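One chain comes next, on its own, written out as structure tokens in the form predicted on its own.
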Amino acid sequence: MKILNYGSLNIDYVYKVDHILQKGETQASASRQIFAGGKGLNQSVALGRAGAPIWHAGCIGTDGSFLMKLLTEAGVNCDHLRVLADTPSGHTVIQNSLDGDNCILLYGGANRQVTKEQIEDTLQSFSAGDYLVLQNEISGLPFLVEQAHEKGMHIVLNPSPMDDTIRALKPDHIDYLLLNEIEAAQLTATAFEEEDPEPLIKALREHFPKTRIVLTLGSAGSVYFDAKELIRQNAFPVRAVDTTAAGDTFTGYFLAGITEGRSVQQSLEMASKAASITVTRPGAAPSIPTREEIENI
């Protein structure tokens, strides 16, 4: 069994600010740091550090060589990662406030240069029963889902950022859906109340009746549900420094647990522990813990 993450790779420019800027506001930042990031890269790093058999496919520019280096050091196979000479890597501008919140401005760059030819070539190395991990930061997503579904791969989707591309995907093609409460509300057009996630759970069940779903709820923990059961997992209380990559860490470690034969409850607990460590550190990929750190908690 193999795991293929066909996902984004970004250069993150992180600015430390007093608070997230509002419309028309100008604010001096306390610092700027540069990190490797991208939802795809973060999830692959989490899978690699968790010890899962993970391959990463996608595109970077010549400015992104350190992104490939980081993936390789995390145990990720990069044979299907293409370097484009005429397109810069994707990048983000991130505001990180003193209370640990963040907001992210994304430029797709090389991530939006994935072609049908590249997708077909990559999928030749994978077969029925393998897992495909997806987000919505690369081009060609609908074609990729169709091809992988026909091949019999298990499709795992993190529908972020939310747009019409996600809404156009066929629900019965998605085997696992991992998303937060904001994404769930956008996807189902359902109002979210922080104290009561039940309307979201009901709406997701109606939209994805055959899908295994993990809904993350921040400090309220997470909940897994499918057609047969519902399982809740509390969050581990920590002092948040930077919430960037917390969701990606959760996704990677949950999938690592599932694919190695752990129960849903065990996988949720491991993912929650990993995410709790991530938020205590600055940056995206560098903040993701190793399997040894998780087991020592």
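The first residue of the shown sequence is 1; numbering continues from there. Since this is a predicted model, take the numbers as computed values, not measurements.
Below: the form predicted in complex with a small molecule, not depicted.
With a cut-off of 4.5 Å between heavy atoms, is His56 one of the residues that contacts the small molecule in the predicted complex?
No, His56 stays farther than 4.5 Å from the small molecule in the predicted complex.
Report yes if any heavy atom of Arg49 sits within 4.5 Å of a heavy atom of the small molecule in the predicted complex; otherwise report no.
Answer no; every heavy atom of Arg49 is more than 4.5 Å from the small molecule in the predicted complex.
is_contact(Ala284, the small molecule) in the predicted complex, heavy atom dist at most 4.5 Å
Flag for Ala284 set to yes.
Can you check whether Gly37 is within 4.5 Å of the small molecule in the predicted complex, heavy atom basis?
Within the cut-off, so yes.
Counting any heavy atom within 4.5 Å as contact, can you tell me which stretch out of 242 to 250, 266 to 274, 66 to 74, 22 to 30 lines the small molecule in the predicted complex?
Single hit among the candidates: 242 to 250.
Consider the chain as shown here, without its partner, and state which of Met162, Ile182, Ile201, Ile104 has a heavy atom within 4.5 Å of the small molecule in the predicted complex.
After the contact test, the surviving option is Ile104.
Go through Thr92, Ser139, Thr211, Thr190 and name the one with a heavy atom inside 4.5 Å of the small molecule in the predicted complex.
After the contact test, the surviving option is Thr92.
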